[in-house]
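This document starts with one chain, in the form predicted alone, laid out as structure tokens.
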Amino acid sequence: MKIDSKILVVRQNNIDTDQIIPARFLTTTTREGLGQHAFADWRYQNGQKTDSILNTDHGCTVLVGGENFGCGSSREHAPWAMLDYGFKAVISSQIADIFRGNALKNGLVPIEVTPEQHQYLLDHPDTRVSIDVTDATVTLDNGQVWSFELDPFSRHCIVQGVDQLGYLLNLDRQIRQYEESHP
């Protein structure tokens, strides 16, 4: 699985989950439609679109956030909103653990890079990247190739397009065979 896109740089550090999807929009248990509320307080004021880069440069599927991306409270709605908005991956020098877990469970690829690599992306917002989830690499349009950490189970689920429940359901036949042979 590859993700090819120009990056969208949001330089702000400590982007918490309430900034990604404000709590007033957490009234749903489905993923659909949350993209319209992604970063709502940055994208809209008094019902009008702002000049936020999230409004003017949309179309990118890779967001480069500042340090400590996804901090704050745990809410699966945050990666749901980002995915529904069109993002497939987020890159930062530091991604909050609970956000990373929620992102991986929902198919959003969280990528931590070194502070130097992160600074390069912040300094070069017109960069295009190709993310190879299978190989866990980010290839920049200047030819640089960076590796990132991605546990094998999460990689398998993202590449196969299944969540943890989908993974287990795909093993239904093997589970039944095991249960029948072990009364």
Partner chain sequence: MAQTMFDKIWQRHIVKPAENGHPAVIYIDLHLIHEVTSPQAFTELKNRGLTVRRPDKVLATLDHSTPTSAPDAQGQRKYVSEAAWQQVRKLQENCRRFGIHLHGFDSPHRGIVHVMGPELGATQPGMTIVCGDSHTATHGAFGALAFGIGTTEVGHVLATQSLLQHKPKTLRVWVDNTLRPGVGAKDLILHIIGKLGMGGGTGHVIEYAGPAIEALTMEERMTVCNMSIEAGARAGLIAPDETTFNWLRGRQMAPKDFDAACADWRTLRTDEGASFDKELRVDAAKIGPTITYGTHPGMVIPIGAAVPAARDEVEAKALSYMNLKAGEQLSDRKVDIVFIGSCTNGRLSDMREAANELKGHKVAKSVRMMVVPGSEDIKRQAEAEGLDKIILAAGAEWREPGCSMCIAMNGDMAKPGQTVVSTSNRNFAGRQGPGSQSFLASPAVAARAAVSGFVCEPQAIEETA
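Under this definition, the rigid core comprises the largest set of C-alpha atoms superposing within 1.5 Å between the forms. Positions refer to the first chain, counted from 1. Everything quoted here is computed from the prediction, not taken from an experiment.
As for the form predicted in complex with its partner chain, it is not shown, yet the points below apply to it.
Visitor: Going by a heavy atom distance of 4.5 Å, is residue 31 a contact of its partner chain in the predicted bound form?
Guide: Residue 31: yes, in contact with its partner chain in the predicted bound form.
Visitor: Taking its partner chain as it sits in the predicted bound form, is residue 88 near enough to touch it, meaning that at least one heavy atom pair lies within 4.5 angstroms?
Guide: So residue 88 does not count as contacting its partner chain.
Visitor: If we define contact as a non-hydrogen atom of the residue within 4.5 angstroms of the partner, is residue 26 a contact of its partner chain in the predicted bound form?
Guide: Judged by the heavy-atom cut-off of 4.5 Å, residue 26 is in contact with its partner chain in the predicted bound form.
Visitor: So, residue 166 and its partner chain: in the predicted bound form, are they within 4.5 Å at any heavy atom pair?
Guide: Yes - in the predicted bound form, heavy atoms of residue 166 and its partner chain come within 4.5 Å of each other.
Visitor: Of 137, 52, 68, 117, which one comes within 4.5 Å of its partner chain in the predicted bound form, counting heavy atoms only?
Guide: Selected residue: 68.
Visitor: Which of the residues spanning 146-183 lie within 4.5 Å of its partner chain in the predicted bound form, based on heavy atoms?
Guide: Result: 151, 152, 153, 163, 164, 165, 166, 167, 168, 169, 171, 172, 174, 175, 176, 178, 179, 182.
Visitor: So with the core overlaid, does the Cα of residue 173 end up 2 Å or more away between the shown form and the other one?
Guide: Yes: residue 173 shifts by at least 2 Å between the shown form and the other one.
Visitor: Taking the rigid core as the reference frame, is the Cα of residue 18 displaced by 2 Å or more between the shown form and the other one?
Guide: Not so; residue 18 is displaced by less than 2 Å.
Visitor: Once you account for a change of 3 Å or more, let me know if residue 39 and residue 163 sit closer or farther in the predicted bound form, using their C-alpha atoms.
Guide: Farther apart in the predicted bound form, by 3 Å or more.
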